[in-house]
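Quick setup: one chain, the form predicted alone, written in structure tokens, and binding and motion questions come after.
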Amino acid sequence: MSTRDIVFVALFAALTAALGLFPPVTLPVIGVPITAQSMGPMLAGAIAGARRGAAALALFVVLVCAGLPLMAGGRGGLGIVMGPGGGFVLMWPVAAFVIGFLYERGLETLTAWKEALILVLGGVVLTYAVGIPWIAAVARVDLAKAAIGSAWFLPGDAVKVVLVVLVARAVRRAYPTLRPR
């Protein structure tokens, strides 16, 4: 890794931690908080790319597991990834990689709509595909109940996708960070 790569990894791990400063709203049915932190993988993949974005979120997850209070509400420790929201958190490095990979593949033909689709596929669908069954298993609830409870996240996720598209496009115009694959 170059110095520039290390800076991107540290920057997006720190940005994801900073997004945890927004107060979480915990859903009573499934016990998983709605936070701004799920924007971290989206931003990391869209701006830093697949490798650097995934490394940034992997670093973030390792630091949380080590006990640093980086999650929303000042939480940290192995209990975070072993709890109901653990499936979502563990998928963040994968989501950042997938988002970055798709951005890099289509960089020359990206439109705002394509970016939104990439973010929805990588940042929402992929994380929910693991997060919802994880909730069902850990909270010992029916899969359908976990899915219905997780539907409360969707309006916030839609807002996050729009914000990330706007931010990523502005950053790439001012400071091109990705190279086409």
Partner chain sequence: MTPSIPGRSPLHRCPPGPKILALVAAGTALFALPRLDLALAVLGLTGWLYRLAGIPARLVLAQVRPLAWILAVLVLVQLALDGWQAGLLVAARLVALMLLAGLVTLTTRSSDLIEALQRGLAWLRPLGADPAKVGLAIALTLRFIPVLAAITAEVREAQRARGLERSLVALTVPVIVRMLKMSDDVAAAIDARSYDPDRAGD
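This structure is a prediction, so every number in the text was calculated from the model and none was measured. Positions refer to the first chain, counted from 1.
Omitted here: the form predicted together with its partner chain. The next part is about that form.
Participant: Please state whether all three residues Val7, Leu70 and Arg75 have a non-hydrogen atom within 4.5 angstroms of its partner chain in the predicted bound form.
Facilitator: Every residue of the candidate spot has a heavy atom within 4.5 Å of its partner chain in the predicted bound form.
Participant: Please check if Leu11 has a heavy atom lying within 4.5 Å of any heavy atom of its partner chain in the predicted bound form.
Facilitator: Leu11: yes, in contact with its partner chain in the predicted bound form.
Participant: Does any part of Leu107 reach within 4.5 Å of its partner chain in the predicted bound form? Heavy atoms only, please.
Facilitator: Taking the distances in the predicted bound form, the answer for Leu107 is no, it never comes within 4.5 Å of its partner chain.
Participant: Would Val125 sit within 4.5 Å of its partner chain in the predicted bound form, counting heavy atoms only?
Facilitator: Heavy-atom contact with its partner chain at 4.5 Å: absent for Val125.
Participant: How about Leu163: is it within 4.5 Å of its partner chain in the predicted bound form, going by heavy atoms?
Facilitator: Residue-level check for Leu163: yes, a contact with its partner chain.
Participant: Just one of Leu143, Leu63, Ala112, Leu121 has a heavy atom within 4.5 angstroms of its partner chain in the predicted bound form, so which one?
Facilitator: Looking at the other structure, the residue within range turns out to be Leu63.
Participant: Which one, Ala137, Ile148, Ala116, Ala129, lies within 4.5 Å of its partner chain in the predicted bound form by heavy atoms?
Facilitator: By the 4.5 Å heavy-atom cutoff, the listed residue in contact is Ala137.
Participant: Quick one: which residues from 75-113 get a non-hydrogen atom within 4.5 Å of its partner chain in the predicted bound form?
Facilitator: Sequence-ordered list: Arg75, Gly77, Leu78, Gly79, Met82, Gly83, Pro84.
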